[in-house]
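Taken one at a time, structure 1 and structure 2 that follow are two forms of one protein chain, written as structure tokens.
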Structure 1
């Protein structure tokens, strides 16, 4: 009787895959690279995943699920729309501090493959977090907290983009803030997350543009 592989091995492989694919991209990363990063033999990778492309797609889905779980909880909380936005944006910063390889992985996929491998992951995010964020903004408009002339979809994209750009453009941001090409420190990223939350709310709230 064949022993069942440890249930934790699959997650360890996915975590290693995030690092490998972020560093080298899909094409340049080999099964040997992935096995070495995960500290397992290649056979175990094939135990869980049929081939490298299957592992890559599952890695992107895994990242999307993490993003959804992390950010979605902040939007699902039974709080006022402005507080939900604040928690959502601040949690974005916390997620990217805890998962520093994710921005490069996603950026590589967008630039090198136009999102082809991530289509199902993107659809899942749009159906979940993005739609919920739009609903929160609409609720804020209905309650008179947010400007009613703002398109909820555009406002949601702008809200997400604030922290996303900060971490994607780490070297530029790092130099601009005096932290160097290595990028902002975790403390700086957390501080920016708080700023971005207030910045997003200032753009959304009534009365901030002479209304």
Structure 2
């Protein structure tokens, strides 16, 4: 979600770049697409950015910043591990609803990773989220709250995957849920977020109440 209308041309370009690169990918997006979307002259892009590649990287950095700001706030409170997990999963859903272009952009970057542009900073950033989540799970195991027969790293990946896949596979999920090819509504994503939090906790917790 672009909170405010961009003030400078540079911001307008970066903003357009998020939308275009997320929607069409790097190669399918032309300089003229970007200029039109940002409503500026196409030569102006070369005034602000060295070339298309540089603009792309700049866009990624921009988005990564937003992501890490949001992720950082999530887990470092010292709430109980189970509550921390619940919050993490639900806020994951909220973030992805509020920033619909981000998952597409990051996903494209991951797919491209074998190729040219390989912004490993992004990858490390996301991997960092896992580490934090891992620690929460370990804490839960130490406190006897979570079962300890699961590898905390694998459990962390599984926990993140629930919501991540939901937004990644939008069209498929939309069809599966009867919302059509355009994908699930925000309300449904939120509802799924709550389900996912419970699903993760049920998997993690040691001998729960019978349903």
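Residue numbers count along the first chain shown, from 1. By rigid core we mean the largest C-alpha set that fits within 1.5 Å across both forms. What you are looking at is a predicted structure, and each value in this text was computed from that prediction instead of being measured.
Between the two isolated copies of the chain, the form predicted in complex with the DNA corresponds to structure 2. After superposition on the rigid core, displacement of the C-alpha of residue 143 between structures 1 and 2 stays below 2 Å. Here residue 100 does not count as shifted, since its C-alpha moves by less than 2 Å between structures 1 and 2 after the core is aligned. In the core-superposed comparison between structures 1 and 2, residue 54 has its Cα shifted by at least 2 Å.
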